[in-house]
Structure formats: structure tokens, C-alpha cells
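Starting off, we have a lone chain in the form predicted alone, written out as C-alpha cells.
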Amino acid sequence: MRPSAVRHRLGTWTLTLALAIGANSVVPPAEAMPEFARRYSMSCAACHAAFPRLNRFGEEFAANNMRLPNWKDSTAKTGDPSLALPAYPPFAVRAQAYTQARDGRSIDPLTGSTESASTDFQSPYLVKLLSSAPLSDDITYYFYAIMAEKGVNGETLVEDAWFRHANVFGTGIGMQLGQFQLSDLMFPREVRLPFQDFMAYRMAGITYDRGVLLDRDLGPFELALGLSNGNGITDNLNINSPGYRRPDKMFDSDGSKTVFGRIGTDIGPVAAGLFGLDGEQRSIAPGNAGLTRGARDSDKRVLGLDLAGEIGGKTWWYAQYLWNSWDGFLDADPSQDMRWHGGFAGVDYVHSDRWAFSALYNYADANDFDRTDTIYEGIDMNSLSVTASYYFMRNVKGVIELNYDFLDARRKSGRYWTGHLDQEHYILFGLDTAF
């Protein structure tokens, strides 16, 4: 690592530790959980403006470690004040099924061979098993596992899985330990109304990771700071020396940790926040369209600005922008720092108990990755999604969504088939339920 990078990293770690020592409301909100409605005998409408979007009470419920003051009333009567067991196994299910008509092809970046299907039955698209319960006055757990998604049946993937202590050592500092999305500090993807994703989060690599998050209210400001492995939730490292048949794995597959945090405040009716991340990621080897990892760890930095507001209790708007610097990312030219930027903006309008409407605009500029003949040229994005949701019940909705891709299809510009070679319009119909 370059000396300047070492000094930068040490300075970031020192700042993080200082703020954490001096730093309970910055909690990543859980997605729709009918289990809470069962436990407290209340409607989903108490927490959701339109499932899964949270209303103000829902956000306060999440900030209170996902519990009401009378949470002990729903525990088993064991006669032991030091034991708080849920009266029944606290599980819920979320299931989604869609039919989609789509422009767009699967293009092999090495050979240019294509496959496509203009219509697609995506059922089940997603089946999730969710669980959460308070375990003590300060500790709550939450997890969910995906049992089917996009046809990957027979596999189960755990995504969110964490414990949270709301008041560590009586300091007012909240601590969350486990697996979660770094981007939940801004806009949780799991509670969005559109089917289309917040793509800048995925492309910047700030979704699921394993780590620890500390947070605290500081008067008009909310501060959150954390450390994570920095390599997502799929990579790991076998412990295979010097013993025999070692069962252990290191979930962190490199020698560094990622530092991240956010500071938020209200500016009049607008909630605003600044997000920062400093870490490392594996470089990319030359050739092979950028599909092969290199042998070096390269520096990665993300700076983000988020804004959100509510109008009249029926309309919610939000916007996020990220500036990304991936230093020395391409082994073909490790002296070059690759910078790109992108974000999204959206609005949700809850017209009535039956109807909700959303619009989501995604934009990204690959910038320094343009003409690199790598798959990272595909960062470029410019699309608008418009969604109508009809609620048969509070927890059962029909969805219609249209997506328009404003980017023109481009011709192959190098050795490989990379970049925006096809447009990605789609129309989608389906059901989204939680029970």
C-alpha cells in the first residue's frame, strides 16, 4: 500500500475510534414483519403507510429496538424474571410472484453469445422466512432467510442476521453486531415500494456485509459508525494449516477492515445525511473483460449525500447520490484511480388504503471505466420505473411496474462485449404478500 494511503487509513481509523468512544436511534429498519402485528394485536397500518413503506410510527418502532413498552406482556409466563421467551416461535413469511415482459438479453462478455426470453414467469420470485423478538430490556435479534429467488430453488441464503443492544454499558450508545446492509443507514432496500432496486447501492458494493455498528443521538444529530469485513457475505477463507480436517472458516478473506459511517440531521422539513466509507477491495486482473480478480488489495472510498422528506402524510420523497473512488483498481494500469458516480431519486404517493403509486429514477456514470473494455463499463445507467400497487388487504398487494431505459444500445467498442449493449425496458405484474 502506498505511504499516503497508509496515513489516510490510520487517520480514518483514529477518527472512527474517537467518535465511537464519544458516540440510539440509527437502526436499520426491518422489512414488513406481520409477526409484530400478531404479537401486539395491532394492524399493519400502525407501522406502514403502505406495506412495506414505514410511516413515522414505524420508524419510531424500529428506533426503539423493534418493540413496544409492553413487550414483556407477550412473553411466556415462566416465573423467572431473568428469562424472556416469546410465547410462541416468532416467525413470518414474505412471498412474491411476478410475470415479466422484458427487452434485454444475457450477453457473454467474452464470446458475445446471447440468450433471451421476452416473457418470464417469476414465481416464486422470492420466499423469505423472517424472525425477530426482544430478548432482554436492551437486546433484540432479527434475521431473514431467502428460500427461493429467481428460480434458485433448493438453496437458502441468510441475508440480514444481527443482534442489537440499545444501551451498551448505560452509555446511550447502541450497538448492532452481525450481518446487515451498510446502505440501510440511508434508505433500506427491503422497505422500498418499487420492484426496481436502488442500483447505486449494489454497484458501489455497500449492501450486505458482516460487522459492527455503533450509533447514538447527539442532540440535533444522529451519528452512526461501524467496521465491517469489507468483502460481502459470499467470500471466505479456509483455516487449513497446520491442522487436520479443520472445520473453521474466516469470513474475512483479506487483511483489512472497512470503516463506514453516517451523520444525519433535519434541515427544516428535510432529513439530510452524509455517508462515508473507507476500505479495500481486490483488484481486477488484465484481460478477460474484467471478470478475473487480481492479486492486490486496492483502496476504495465512497462519499454519499442523502435527502428525504414527507408531504402531508401521503407523499414521501427521497434522493441519494454516491461518489466512488476505486484507487488502482485495474491491474492493467494500477497507477490510475477509477472514479464513477451515481444515485437515485424517488417519490411514493399513498392515495388511499387501496392504492399507492411510486416513481424511481436510477442514474450512474461509469466515468473512468468508459472504454476500459471491462464489465465495469456497465455501471452506466439511466432509467425510470413507475409503479402502481393495489392492496387487496393490508398485507397483500398487486403490483404493476413499467421501466424505461433512456440509454441507447451501444456497439461493441473493444475486444470484449462490454457496456450497455442492449436496452432494458420491462413491464411487470405480480403479487407481494407478507403473513
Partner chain sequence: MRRPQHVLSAVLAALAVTLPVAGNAAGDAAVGRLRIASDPPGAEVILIGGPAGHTPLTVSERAIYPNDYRDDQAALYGLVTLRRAGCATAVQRVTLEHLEHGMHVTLDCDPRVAGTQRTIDTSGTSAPAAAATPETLPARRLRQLQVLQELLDEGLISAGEEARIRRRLLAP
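Positions refer to the first chain, counted from 1. Because the structure is a prediction, the values reported are computed rather than measured.
Missing here is the form predicted in complex with the partner chain; even so, the following discussion is about that form.
Contact with the partner chain, judged by heavy atoms within 4.5 Å in the predicted bound form, is confined among 208-216, 97-105, 233-241, 179-187 to 97-105. Although the partner is absent here, F435 sits far enough away that none of its heavy atoms falls within 4.5 Å of the partner chain in the predicted bound form. Proximity of P220 to the partner chain in the predicted bound form: non-hydrogen atoms within 4.5 Å are absent; the residue sits far from the partner. At a distance threshold of 4.5 angstroms between non-hydrogen atoms, Y141 is out of contact with the partner chain in the predicted bound form. In the predicted bound form, A62 stays away from the partner chain, with no heavy atom inside 4.5 Å.
Of the candidates I375, L407, A45, L384, A45 is the one whose heavy atoms come within 4.5 Å of the partner chain in the predicted bound form; the others do not. The putative spot formed by F121, W355 and R394 is fully lined by the partner chain in the predicted bound form; each residue has a non-hydrogen atom within 4.5 angstroms of it. Although the partner chain is not shown here, in the predicted bound form the stretch 307-322 places heavy atoms of E310, G313, W316 within 4.5 Å of it, in sequence order.
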